[in-house]
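Next up: a single chain in structure tokens, the form predicted alone.
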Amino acid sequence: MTATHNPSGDSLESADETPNDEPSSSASSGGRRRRYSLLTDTDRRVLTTMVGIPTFLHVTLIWVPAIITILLSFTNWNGFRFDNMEWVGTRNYRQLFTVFEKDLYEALLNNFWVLLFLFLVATPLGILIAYILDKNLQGTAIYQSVFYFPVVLSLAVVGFIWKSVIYSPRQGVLNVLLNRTAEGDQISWLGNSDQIIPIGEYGLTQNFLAIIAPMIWRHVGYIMVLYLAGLKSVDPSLKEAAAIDGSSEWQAFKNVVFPSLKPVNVVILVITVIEALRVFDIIDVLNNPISTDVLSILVTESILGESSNVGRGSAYGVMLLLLCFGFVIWYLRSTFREEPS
């Protein structure tokens, strides 16, 4: 204790010392401050479960198969015995662009046709329907249900419906409307591989256009729902301001409403691209008519065909993965990019 002397001769304790001071928490914990959390042990267990299980499933079901596919694309494995697997480097990729170039280019072009028609036909139709339904017409809920109904069906079921109801040579709707149901006068919508839009050796065939039609029918409902949700979130004052400025309804939509739907536009762009690249089931259930191969069909045929070659099928799969990744990365950059201040 340090004492000080005053004129009266009394000894005083230092003013900065208090006799009743308790030991500080840092001193009692060896110089470390104890941290307190609002989470109980039960909360921690619940959070760990909620984060851990989805992460485990995501890694196990997506990333592990993707990595294995990439590795298998550099082998010549036939899918049966691992002792016959040999590392062949980039041979499978070289063969895709040489030996199997016709199959590859035809498949890529067919994927492009799907993407083109989904953008130029399905997307404008979905926007138009959403814009009309946004006017709160009588029976809007019924119309929404009717247009959205195909979306809840898988493409395989959609393919069966169109094959038996629309494209049936004897009793299909198209042949009945065209009065082509007589024997010998029927139109085989899925069997005619004549080119409608020729591009050199390849092109858009009639049967592949017949396959694209049900894809459009299904995709329109999806576009409608997304844009209808976006239109509901647009600030009405923007439309009012455009009307006051003398803009027509089309000018207001083009210059005010549509630009404000940029987040929806980006989502639809990415979804449409991925939908066009991964198309498989509707072609498969229609027995893969001639000249209708796409990348996903080549993957399946290479792996499960008579001359099974998992390596070549994996190489097709890696190409499909890279194409999808390109648009996904672009979407993430557009979504999380910081706006300039």
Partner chain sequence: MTHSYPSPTAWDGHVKRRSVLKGAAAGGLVVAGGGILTACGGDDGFSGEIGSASGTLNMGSNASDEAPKAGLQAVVDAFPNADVDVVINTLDHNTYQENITTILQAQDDDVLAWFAGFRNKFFADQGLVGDISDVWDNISGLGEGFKAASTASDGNQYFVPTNFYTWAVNYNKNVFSENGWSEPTNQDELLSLAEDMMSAGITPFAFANDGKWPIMGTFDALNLRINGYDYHVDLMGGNESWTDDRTRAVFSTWADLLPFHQEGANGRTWQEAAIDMEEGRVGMYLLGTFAASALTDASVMDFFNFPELDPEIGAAALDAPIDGWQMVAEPTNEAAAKEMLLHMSTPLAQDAYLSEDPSVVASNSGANTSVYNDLQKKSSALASAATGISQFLDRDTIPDFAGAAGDMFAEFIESPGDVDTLLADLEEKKVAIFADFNSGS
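Residue numbers count along the first chain shown, from 1. Nothing here was measured: the structure is a model prediction, and the numbers come from that model.
The same protein also has a form predicted in complex with its partner chain, omitted here; what follows describes it.
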Although the partner isn't part of this model, could you tell me whether Lys232 comes within 4.5 Å of its partner chain in the predicted bound form, counting any heavy atom of the residue? no
Phe149 near its partner chain in the predicted bound form, any heavy atom under 4.5 Å? no
With a 4.5 Å heavy atom cut-off, would you call Gly191 a contact of its partner chain in the predicted bound form? yes
Looking in the predicted bound form, any heavy atom of Asn288 within 4.5 Å of its partner chain? yes
Among the candidates Ser247, Asn265, Gln144, Gln95, the residue which, in the predicted bound form, approaches its partner chain to within 4.5 Å (heavy atoms): Gln95
Which pick from Ser154, Asn84, Gln251, Thr140 sits with a heavy atom within 4.5 Å of its partner chain in the predicted bound form? Asn84
For the interface check, one of 130 to 138, 180 to 188, 232 to 240, 114 to 122 should have non-hydrogen atoms within 4.5 Å of its partner chain in the predicted bound form; which one? 180 to 188
Between 155 to 189 and its partner chain in the predicted bound form, list the residues on our side with a heavy atom within 4.5 Å. Lys163, Ser168, Pro169, Arg170, Gln171, Glu183, Gly184, Gln186, Ser188
